[in-house]
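First, one chain by itself: the form predicted on its own, in structure tokens.
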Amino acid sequence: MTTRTLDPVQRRAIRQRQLRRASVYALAILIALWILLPIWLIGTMAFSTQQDVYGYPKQIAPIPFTTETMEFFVNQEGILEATRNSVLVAVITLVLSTAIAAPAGYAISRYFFAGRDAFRLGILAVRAFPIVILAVPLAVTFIEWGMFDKVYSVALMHTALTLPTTILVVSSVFASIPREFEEAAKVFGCNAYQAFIRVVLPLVIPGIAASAIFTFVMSWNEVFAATLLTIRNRTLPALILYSLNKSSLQFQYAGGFFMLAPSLVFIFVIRRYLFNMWGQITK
């Protein structure tokens, strides 16, 4: 059937549907450009010469390609140590958050107990508090306990920040797995632990990967608590923020790219688990 055989009302409906679809695509393209253009600019300047970094208008590609801007940034005092601290903090936060969120999310999604909804709301309410409300008392406590200016102290703080959302994400993924899968595994001889390990856990790995992305990126980029809780053992965002006002454009562009790169690599490596999770949840 062609559009010529349709009556005016049907043709108008088709045009409106096409217009809505085109509007959605146009909006998606604008949002993508809004996000990607600054990243592209930072990446271009991070691998451009010093003259191009200070020159105007900015070029759209690093021609000629050079690593002198990145070398200038990496060779600054304290950068490598701060990078190591950021990686260590992010890994510790990732391990602690996942280790706590997995059983907590399973319990929330599978068991019914008094105060379950209030407990879930309380978990989310913790994330609603501003960071300063958590960081300042923790800084005082860490000083009293001799834990101030330690890498693991920042990791504990980041775990407190990421854990509520991680628990809710993991519990939502557990809730998307039918209980019948576990019951079928028990029928075939598995106990509760074996049913969880062999049946449920492989299905929720994509969801755990999604929460891992959030946890890693949040810990890697967090700056306020890391600045407040450290002086000598600063993470990379805290060190960059401390040096930003007195740094050159080379330092700023290279620092921005250096902060972006690990998060982007982590997301690209783990993205296939996200696609699997979306497929499971939408089935």
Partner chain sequence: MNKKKWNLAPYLLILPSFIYLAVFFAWPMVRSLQLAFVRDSQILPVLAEADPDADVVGRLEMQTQVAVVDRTRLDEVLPNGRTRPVYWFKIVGETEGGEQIEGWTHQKNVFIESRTTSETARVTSGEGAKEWTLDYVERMINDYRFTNALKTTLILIVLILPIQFVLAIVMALVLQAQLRGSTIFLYIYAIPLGISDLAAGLVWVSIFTQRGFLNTFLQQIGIINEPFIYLSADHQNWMIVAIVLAEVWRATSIVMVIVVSGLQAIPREYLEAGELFGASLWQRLRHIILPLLKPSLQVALILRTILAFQVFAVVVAITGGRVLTVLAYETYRWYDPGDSGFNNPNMAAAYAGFIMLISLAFAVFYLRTVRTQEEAARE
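Predicted model, so just to flag it, every value in this text is computed and none were measured. Positions refer to the first chain, counted from 1. Basically, rigid core = biggest C-alpha set you can superpose within 1.5 Å across the two forms.
Below, we turn to the form predicted together with its partner chain, even though it does not appear here.
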Evaluate residue 171 for contact with its partner chain in the predicted bound form, applying a 4.5 angstroms cut-off between non-hydrogen atoms, and reply yes or no.
no
Since only the chain is shown here, I'm wondering whether residue 70 would be in contact with its partner chain in the predicted bound form (any heavy atom pair within 4.5 Å).
no
Please run the contact check for residue 38 against its partner chain in the predicted bound form: heavy atoms, 4.5 angstroms, yes or no?
yes
Might residue 193 be said to contact its partner chain in the predicted bound form, defining contact as any heavy atom within 4.5 Å?
no
Determine the residues of 52 to 78 with a heavy atom within 4.5 Å of its partner chain in the predicted bound form and present them in sequence order; the list may be empty.
54, 55, 56, 57, 58, 59, 60
After superposing the rigid core, is the C-alpha displacement of residue 231 2 Å or more between this form and the one not shown?
no
